[in-house]
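Below you'll find only one chain, the form predicted on its own, shown as structure tokens.
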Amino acid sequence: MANADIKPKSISRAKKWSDEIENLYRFQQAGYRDEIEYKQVKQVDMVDRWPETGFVKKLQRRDNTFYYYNKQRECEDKEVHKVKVYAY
């Protein structure tokens, strides 16, 4: 795992829900851009995921409190446009 800060080259907003958007929503709720930034900050190799859906199960915020997520979709349609999609 590289310690060099990987910066995104561009950003866009999500238009419609998908599994990828669901996971980005969960990372951004916990205060991170995406999985790449989470792994850099928390120095972890794996993120806890639900085996049935592949959605993120548990994230640790920067203040070391935990967010726990359900197996089902949590990002409602009205929230989708708030999700930022980063390109590297």
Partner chain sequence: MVAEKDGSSPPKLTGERPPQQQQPLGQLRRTKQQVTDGFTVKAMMRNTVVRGPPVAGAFKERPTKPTAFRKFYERGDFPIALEHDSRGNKIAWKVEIEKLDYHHYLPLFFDGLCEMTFPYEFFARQGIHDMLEHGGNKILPVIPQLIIPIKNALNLRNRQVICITLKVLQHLVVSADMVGEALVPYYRQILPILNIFKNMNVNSGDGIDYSQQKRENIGDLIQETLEAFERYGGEDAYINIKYMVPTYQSCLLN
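Numbering follows the first chain given and starts at 1. None of these values were measured; they are calculated from a predicted model.
This protein has a second form, the form predicted together with the partner chain, left out of what is shown; the following refers to that one.
Annotation: in the predicted complex, residues Asp34, Glu37 and Lys42 none come within 4.5 Å of the partner chain through any heavy atom. Within 4.5 Å of any heavy atom of the partner chain in the predicted complex lies no heavy atom of Lys9. A residue is said to contact a partner when one of its heavy atoms sits within 4.5 Å of a partner heavy atom; Lys71 meets this definition for the partner chain in the predicted complex. The partner chain in the predicted complex is not approached by His81, whose heavy atoms all lie more than 4.5 angstroms from it. Although the partner is absent from this view, Asp77 stays clear of the partner chain in the predicted complex, with no non-hydrogen atom inside 4.5 angstroms.
In the predicted complex, Tyr25, Gln29 are the residues of 14 to 35 with at least one heavy atom within 4.5 Å of the partner chain, listed from first to last.
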